[in-house]
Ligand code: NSS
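In the block that follows, a single chain appears as structure tokens, in the form predicted alone.
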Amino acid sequence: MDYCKIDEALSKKEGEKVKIRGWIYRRRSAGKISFIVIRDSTGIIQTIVEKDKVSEKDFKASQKALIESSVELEGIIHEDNRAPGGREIHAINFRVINFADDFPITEYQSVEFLLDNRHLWLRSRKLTEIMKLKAKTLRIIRRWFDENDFYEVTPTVITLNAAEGGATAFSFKYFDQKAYLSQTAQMYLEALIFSLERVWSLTPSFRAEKSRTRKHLTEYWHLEAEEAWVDNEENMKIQEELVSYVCQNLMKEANNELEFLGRRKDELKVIEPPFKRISYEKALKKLQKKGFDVKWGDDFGAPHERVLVEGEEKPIFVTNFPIETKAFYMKISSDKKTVKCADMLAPEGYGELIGGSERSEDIDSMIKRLKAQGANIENYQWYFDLRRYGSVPHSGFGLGLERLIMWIAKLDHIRDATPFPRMVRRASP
């Protein structure tokens, strides 16, 4: 008989024989019976090991094995509403593959302790379900891009250009040059649209922001797309269609994970285009009416974002930010004081999911803005070449994958949206 996964075992009928393997999740003994909950990647199931139903060796092993011991077992399915999933296995064979030491993680551990032992805490059911949800989200994202004529590409993460400004870039010595870890793949994606027209990538990005909020990582997975022949409005439509597609399909393909994490399906069902648009100027006035001391040119922080999405069931776009608040490559609007851009804010106060814009084609304007930042213009000449040889209107966006997962999974902190979080004071394990 082949081994089956636990979710398959839970679908078996009374009296059916099954073989499973996994790790001990919970255990207790009562005389001649061991009650052992086994977990694998698909779920948990309770196993009953009785002294008179298995060999003496198997029973002693069931008594000795501690939490996280790896096991294989064979048994009979019994229906029991008191058991997790309404089924349990009565063992006829129980084999321990590896007897675990005392597991260092017990109840009520501090956040720092759990982060220090992240390599073990990843076995927790919550993190397991989050990682499964993330994998399914990526699968759905790739499907959407495939269905919408985008090519997945693989840009570099080593660059001489600090695209988002040198103050938040990690620099290092690259042989005899100063280089940076990529903050964004955007400029390299732009180079590819002149042959492939619509491209996207998923790469790690690095931001040296000394932010200690629940929504910031120094290393995160950055989903970025660039599109030829697309203006800022169409760019927003692409973004809302992608996010909606992810939400609608997760309802069908990740129901168990969503339910475990506390996200109701009806909350995702409403995530359909169009998303509300509000200009930076109107957002500023709304915040001022709410008593916030904000003025033109100020960026929005978490308290401001919460107010802007208050009462909203779907994400919203905040558009047309002041020139001085955004990157040099964003196209300047006809009003000469804002750029053609949009930030997508998630409902429930989860903050910015996506930042996007129409890209500038004005080399002189970009050089002026870069000089104001003290940038080495020579390092950007290749980027300006994209405008010199057959430039077209084009736009793009970047989505923080962990931010998306944080919102969908209703997480308290972004650190749980990635296996090994990197934050201001955390670079291990």
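Model, not experiment: these values are computed from the prediction. In this text, residue numbers run from 1 along the sequence as written.
Same protein, other form: the form predicted in complex with the named molecule, not shown, and the subject of what follows.
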Candidate from 331, 207, 134, 198 lying within 4.5 Å of the named molecule in the model of the complex - any heavy atom: 207
In the model of the complex, the one of 243, 354, 254, 341 near the named molecule [non-hydrogen atom within 4.5 angstroms]: 354
Heavy atom of residue 398 within 4.5 Å of the named molecule in the model of the complex: yes
Residue 39 within 4.5 Å of the named molecule in the model of the complex, heavy atoms: no
Partner proximity in the model of the complex: residue 88 to the named molecule, non-hydrogen atom cutoff 4.5 Å: no
The named molecule contact in the model of the complex: residue 217, any heavy atom under 4.5 Å: yes
Per-stretch contact check against the named molecule in the model of the complex, the hit in 63-71, 41-49, 400-408, 362-370 (non-hydrogen atom, 4.5 angstroms): 400-408
Within 4.5 Å of the named molecule in the model of the complex: residues from 67-106 (heavy atom criterion): none
